[in-house]
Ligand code: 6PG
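One chain comes next, on its own, written out as structure tokens in the form predicted alone.
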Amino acid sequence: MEQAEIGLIGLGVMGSNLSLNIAEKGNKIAVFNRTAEVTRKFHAEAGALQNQIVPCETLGEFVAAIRPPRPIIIMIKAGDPVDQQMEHLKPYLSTGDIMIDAGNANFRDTMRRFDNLKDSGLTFIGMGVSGGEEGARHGPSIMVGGTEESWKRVEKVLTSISAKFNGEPCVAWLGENGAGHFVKTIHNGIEYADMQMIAEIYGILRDGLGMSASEIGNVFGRWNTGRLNSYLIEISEKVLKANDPISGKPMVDVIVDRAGQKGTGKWSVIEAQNMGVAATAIEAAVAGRILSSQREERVAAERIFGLPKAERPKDGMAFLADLENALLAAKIGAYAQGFAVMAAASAEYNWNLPMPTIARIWRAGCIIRSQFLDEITSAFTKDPHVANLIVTPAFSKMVKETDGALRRVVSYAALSGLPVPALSSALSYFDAYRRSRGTANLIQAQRDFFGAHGFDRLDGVDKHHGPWGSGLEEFA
């Protein structure tokens, strides 16, 4: 019997769809699930793809069904379950075999697993997969971290199943150990910011301009034909125009305003702070989800404080244009922050992350896919080592064109009591980044006053403490 080219463990929603994608693209795949009945049911329902799928009910049978060196995708809940599955697999594996974690793993776990296998003859790939259920089935964006040799073993299969943008596969080897999962984490951080900003604009349209869900959907639909063209804007139009089959009301109007999160956004903020990189829009988006979860407290607070009256803008059409440009400006800030975090991590972990390639493989398949990423690809191709995306010629021009709109929108929201934490954070980030003389000199003076921490002088004089009083004269 012909051996499978690759194996997959875990036939949940993502695992099942990824397996069908792999089989449909002409790759024979062995599958295993802890519950044998799930494996049998999956195979029975695979239809015309059954001959491409080898259903296995024991790990021994599963491993034997794959051509060595065996690449095995583990698509189960992140964390300890992955470690446990790896331990169960090890006795059946041979030198050169590759275990692949395709879940939303913390890249630090990926680095640990990679290091733990270094002297075992086995190896590990941390593989970020973006696109959700639809992407897994029809073509995701795939971010691979591991040895180049292990990448070459799976390159053909992963290239065949990835999303394509103008014929280019949205998959790439990004570096050793945790590189792939780190890039996926930052992808998700940018996704948090993008979603939060869209929600903030929705809030202004709903609570400031008094527009209905369907009317707001029409606005997003128009924007999706221009520079904001993206998957998230596209689906925002669709969900805003959908009606609840039970009540007949707009679907979004009956959904509780409490956003969930699985941790990747928080990880991206933690890593940005660990790297010493400001990612304020992403931080605001994570904080926004946390505040959304405190619904009962918010309801009680509104009873105490009430809400300010939001005045409608005098020129509604001009304000809609401002909202569109404000969203673009803020989006630039969020992406610039995300890429800056990746650049810092690349240096920290010696990954040499290819920024143009990352932007390129995000152009299709993934949740943040957009026309915008084609422009980012071009900007990083021209200057892969630029300090910040917003200073590239193309994006500095866009920022100059849209900065005023973002400023007006944030001002309107502040005066109207409409929360826009991500939009305002993006604006403050830009204002702080472009100001050569900031205010941290006062902070340094304060730190020296109470802790003798010292400071540098603009004139370069080798004197690093101030004349704050007798207690610090010895440092002067």
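We number the residues from 1 along the sequence you see. Because the structure is a prediction, the values reported are computed rather than measured.
Absent from the display: the form predicted together with the named molecule. The rest refers to it.
Novice: Which one of these stretches, 74 to 82, 299 to 307, 122 to 130, 108 to 116, sits within 4.5 Å of the named molecule in the model of the complex when only heavy atoms are counted?
Specialist: Going by heavy atoms within 4.5 Å, the stretch is 122 to 130.
Novice: Answer yes if any heavy atom of P393 is within 4.5 Å of a heavy atom of the named molecule in the model of the complex; otherwise answer no.
Specialist: P393 lies outside the contact set for the named molecule.
Novice: Determine whether any heavy atom of K331 comes within 4.5 Å of a heavy atom of the named molecule in the model of the complex, and answer yes or no.
Specialist: No, no contact at 4.5 Å.
Novice: Just checking whether R137 would be counted as a contact of the named molecule in the model of the complex - the rule being heavy atoms within 4.5 angstroms.
Specialist: No, R137 stays farther than 4.5 Å from the named molecule in the model of the complex.
Novice: Does H187 reach the named molecule in the model of the complex, with heavy atoms at most 4.5 Å apart?
Specialist: Residue-level check for H187: yes, a contact with the named molecule.
Novice: Since exactly one of E191, E271, E375, E237 fits, which has a heavy atom within 4.5 Å of the named molecule in the model of the complex?
Specialist: Comparing distances to the named molecule in the model of the complex, the residue within 4.5 Å is E191.
Novice: Give me the residue from G260, G210, G248, G276 that has a heavy atom within 4.5 Å of the named molecule in the model of the complex.
Specialist: Looking at G260, G210, G248, G276 one by one, just G260 meets the 4.5 Å heavy-atom criterion.
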